[in-house]
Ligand code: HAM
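Starting off, we have a lone chain in the form predicted on its own, written out as structure tokens.
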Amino acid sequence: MNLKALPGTRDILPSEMGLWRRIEEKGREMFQRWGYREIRTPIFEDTRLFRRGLGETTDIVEKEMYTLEMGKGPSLTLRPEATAPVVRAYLQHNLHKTRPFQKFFYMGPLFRHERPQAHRWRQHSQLGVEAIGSKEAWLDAETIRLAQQFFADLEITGINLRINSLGDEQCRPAMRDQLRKELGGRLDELCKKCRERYDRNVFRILDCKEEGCRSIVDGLTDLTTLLCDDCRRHFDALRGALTAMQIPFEHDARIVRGLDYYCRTVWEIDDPELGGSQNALGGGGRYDPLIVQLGGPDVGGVGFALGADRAIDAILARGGAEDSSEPVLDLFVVVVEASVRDEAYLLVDRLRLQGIRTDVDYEGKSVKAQMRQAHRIGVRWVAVIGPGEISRGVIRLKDMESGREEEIGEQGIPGRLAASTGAKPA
């Protein structure tokens, strides 16, 4: 049997975990600093949640969901996106009744049955935020600032922010009519998929990646000229907020985000360093209709999702190095001979319980090989234990940086290490 990870999935090896932890820790620190609280939802949901929330004609619902039919039970779907599950949880647990305005963040895997290609995975990881309970344009700007600063803190520079407004139920009909009017005479120039979208969801044509369709879309009327007064004021307020915060942006009338729940603000951040069509680092927008569609009040919601996989690709594209992810140790115990192995293992156990990050050789290597191992993993302090040390009740402690050695009682090790490395006994 030559078993491998399935196409579109991958193993994240220990040598890669340094970057993953860096991204997740940065996200958690920043989201909390902005006032967002962590929420975790199941990786599978009732299929109806996505069909109702995302839209029956979206690519995700039509062909990208992993759906499981469980006999007489409900149809289950591995989550292809995280906003609908968060809104479902917000409503199910009556959070809108205890405190209508809530701010959440999440991290975790998503699943979409897409054609595997560069920077695109069938199982990928996202970080995101959702702010539910306000229609304020400054809240839209806050989420954009948070995403932009997240990438800045990771030293992912040179990225582009593009924003648009999709209007709402008041101005969307006029936008739809204008699109159909301009595209109706050019259907034969569109790709097969866009010809199908013309009747089912004409806005999705704006998001097509085919060059022929993109050239046609570039010549269409800017639909934001058809915004109603309320949506116009909201879009103007967003642009004013971004300008006041000195966040560079471009108005791109082609952005639609591909999900039916979006209204008014939509935006994307892309990275020219990644190249090709799969260069989006993340995006988001306002989804006021989703909350109502799932049975909640008309309170408004806005958020974003950022791809952890793409962020790692962006760091590597800028020459960032993958962390070797060797364990970060305070101390490595070197065993002189087999007769004292039991004592060495017990010493390691006691030190770990005191908060000292400690490890030991389990392969029966020679003393010289154990010292090489300690040097390779970059540990500063080595504790050598042999029959002589055991008989005298001491540990031979070696500083790998200076080469100096000293004999010390076991009880003195935590303090000695804390004084030089910052390790703090538990």
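Note that this is a predicted model, so its numbers are computed, not measured. Throughout, we count residues from 1 along the sequence that is shown.
FYI, the form predicted in complex with the ligand isn't displayed, but the following is about it.
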property: Residue (of 227, 137, 259, 163) lying close to the ligand in the predicted bound form, criterion heavy atoms within 4.5 Å; result: 259
property: Proximity to the ligand in the predicted bound form, single hit among 204, 310, 234, 79 (heavy atom within 4.5 Å); result: 310
property: All of 41, 47 and 90 within 4.5 Å of the ligand in the predicted bound form, heavy atom check; result: no
property: Contact flag, residue 129 vs the ligand in the predicted bound form, heavy atom cut 4.5 Å; result: yes
property: Residue contact check: residue 114 to the ligand in the predicted bound form, 4.5 Å heavy atom; result: yes
property: Residue 280, heavy atom within 4.5 angstroms of the ligand in the predicted bound form; result: yes
property: Exercise: residue 332 in contact with the ligand in the predicted bound form, heavy atom 4.5 Å; result: no
property: Interface segment, criterion being heavy atoms within 4.5 Å of the ligand in the predicted bound form, picked from 298-306, 186-194, 95-103, 341-349; result: 298-306
